[in-house]
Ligand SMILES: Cc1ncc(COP(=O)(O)O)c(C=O)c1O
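Next up: a single chain in structure tokens, the form predicted on its own.
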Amino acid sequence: MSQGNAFADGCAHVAGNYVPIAQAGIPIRDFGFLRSDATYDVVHVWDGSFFRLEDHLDRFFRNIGRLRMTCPLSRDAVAEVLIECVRKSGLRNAYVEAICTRGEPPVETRNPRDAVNRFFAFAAPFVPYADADAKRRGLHLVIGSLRRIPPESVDPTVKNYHWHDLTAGLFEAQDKGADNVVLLDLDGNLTEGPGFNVFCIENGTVLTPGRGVLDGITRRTAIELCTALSIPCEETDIPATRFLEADEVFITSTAGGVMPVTRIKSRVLGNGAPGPITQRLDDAYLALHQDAQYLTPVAYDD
């Protein structure tokens, strides 16, 4: 912890108060904890500015509505809380999360309609999904043996904590010496991985699953960049066999940006280095972090 700043390791907003992140907690009877009945959104702060904060807020409030919840704070108030968590922490690079839980119903009922919805937020030091060395060499993925929860059961476009399939897949990947995992749907098509969207490149065209996945903000940015760079891009079903034969593969995440994949199972892609289209998109993505239209600067005390 930095001397003199109680929030240097992170700042949380709980029950209307700002507290050091190590002191943050939620009531044990909150359905967000007991039933994973919650939605959340994560935005990153890069060199002192939020990236695409308004897009994250759009998705956060849309998903709150889809779960038939009501955020106790207005959109503007949520933005102010997130900014204040970062300002108090002094972090120039941060992982910032907004959470809305179902809350806790009166003791005499289990009816979710009676629960009082709650809002929580925190800012923590940014930990990249893939460090600089991993991005240089590219990631190693495997296809998990478990199938992704079908969207007919849990809507993946509503950011949620239903991660048992993803976590089991991550353990499987680590057991096999890989960096991470992607899961297929019940029809054998590509979906997503733990906290990231997946893209593959086939004969110069960028492909990404169009169903059963989170509408990631970084995913959306990559699709927009394809348009800007005149790179063909399609949202479509991608069978596992097609994915395994791709020329290039990359994944996207708020916590990692555009991250190259150079090995799937035992197959090495290309020459074992990040591919040229992936590199173009990564460079363009990083350049957007200097574009004021995507940035919300934090007014730090110093």
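Everything quoted here is computed from the prediction, not taken from an experiment. Residue indices: 1-based, along the sequence shown.
Unshown form predicted together with the named molecule; subsequent notes refer to it.
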| property | result |
| --- | --- |
| One stretch from 99 to 107, 176 to 184, 113 to 121, 214 to 222 that, in the model of the complex, holds residues within 4.5 Å of the named molecule by heavy atom | 214 to 222 |
| S49, heavy atom within 4.5 angstroms of the named molecule in the model of the complex | no |
| The named molecule contact in the model of the complex: L166, any heavy atom under 4.5 Å | yes |
| Contact flag, G193 vs the named molecule in the model of the complex, heavy atom cut 4.5 Å | yes |
| The named molecule contact in the model of the complex: N197, any heavy atom under 4.5 Å | yes |
| Heavy atom within 4.5 Å of the named molecule in the model of the complex - the one residue of K135, H140, K159, K88 that qualifies | K159 |
| The unique member of Y40, F243, F61, F31 whose heavy atoms fall within 4.5 Å of the named molecule in the model of the complex | Y40 |
| Heavy atom contacts to the named molecule in the model of the complex at 4.5 Å, residues of 233 to 263 in sequence order | T252, S253, T254 |
